[in-house]
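The chain below stands alone and is given in structure tokens; this is the form predicted on its own.
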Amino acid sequence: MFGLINIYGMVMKATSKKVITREEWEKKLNDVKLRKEDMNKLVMNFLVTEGYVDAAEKFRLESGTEPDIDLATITDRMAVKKAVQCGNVEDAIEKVNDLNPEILDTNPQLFFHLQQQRLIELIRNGKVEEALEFAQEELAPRGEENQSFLEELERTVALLAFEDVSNCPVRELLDVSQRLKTASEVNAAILTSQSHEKDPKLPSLLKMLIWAQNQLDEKAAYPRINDLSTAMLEDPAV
């Protein structure tokens, strides 16, 4: 992948569109030297950041690549993430505090979003009175201090105004995607507290690859990667 991006950069220097054969393209790829150590670090970074602890441990043993974080902490981080994804927000908050109380103490936005998710779960379970009480006691005071929090609270409480939430303009708050969004935010905060990158490098490189190909399309016809899952080169369309 690094090699492809480097080649795209070289080809972009050309001023007129040209056709590059598969043979020429593969020769350029072969001329790009990548260290296996760097590729292994990229894989380990992805496994650690995304929380694949078993795969990371196996990869460590097979490749000799040491992670830049204690793999034991991944299990605890994933337990928090799973709790949020299952709607057990109170449990998730307790687990975060067990890991590092400063995470929520120093991140009011994250704490608000977790409390907002608690409110959503109460509404999901039909606990209307409890939801209203929780919103008034726990979230309203924070909304008074922060306009964006107030707007998010108002959107969430709007769910209570509809007997049929399918007609509610903010019904997406009850989707699983909302849980995933909150879980991802918590995961990133824990990683940051552990001095680890919150996002894996691999997706960023794939985005860079797509951008480079789109730019190169204007300059040349070349063996393109259309399916990122296989990374197969397809002959240039001429």
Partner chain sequence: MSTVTNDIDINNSKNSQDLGHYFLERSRLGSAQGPCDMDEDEEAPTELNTINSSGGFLVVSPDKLSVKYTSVNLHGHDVGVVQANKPAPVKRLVYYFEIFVKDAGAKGQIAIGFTSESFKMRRQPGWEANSCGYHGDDGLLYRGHAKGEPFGPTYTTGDRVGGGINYASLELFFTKNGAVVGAVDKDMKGPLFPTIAVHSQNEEVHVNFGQKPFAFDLKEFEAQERMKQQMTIEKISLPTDVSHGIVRSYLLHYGYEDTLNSFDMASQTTVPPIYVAQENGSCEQDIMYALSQRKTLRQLIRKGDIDAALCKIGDWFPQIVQDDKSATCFLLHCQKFIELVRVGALEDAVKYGRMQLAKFFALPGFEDIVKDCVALLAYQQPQESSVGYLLDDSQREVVADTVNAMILLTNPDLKDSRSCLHSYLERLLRQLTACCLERRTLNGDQGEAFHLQRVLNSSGKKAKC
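Because the structure is predicted, anything quoted here is derived from the model rather than measured. Numbering follows the first chain given and starts at 1.
We do not show the form predicted in complex with its partner chain, though everything after this point is about it.
- Taking non-hydrogen atoms only, Thr21 never approaches its partner chain to within 4.5 angstroms in the model of the complex.
- The shortest heavy atom separation between Leu209 and its partner chain in the model of the complex is within 4.5 Å.
- Proximity of Leu47 to its partner chain in the model of the complex falls within the 4.5 Å heavy atom cutoff.
- For Arg171, no non-hydrogen atom is located within 4.5 Å of its partner chain in the model of the complex, even though that partner is not displayed.
- Only one of Asn97, Asn146, Asn125, Gln85 comes within 4.5 Å of its partner chain in the model of the complex through a heavy atom, and that residue is Gln85.
- Taking a 4.5 Å heavy atom cutoff to its partner chain in the model of the complex, the contacting residues in 26-48 are Glu26, Lys28, Leu29, Asn30, Val32, Lys33, Leu34, Arg35, Lys36, Glu37, Asp38, Met39, Asn40, Lys41, Leu42, Val43, Phe46, Leu47.
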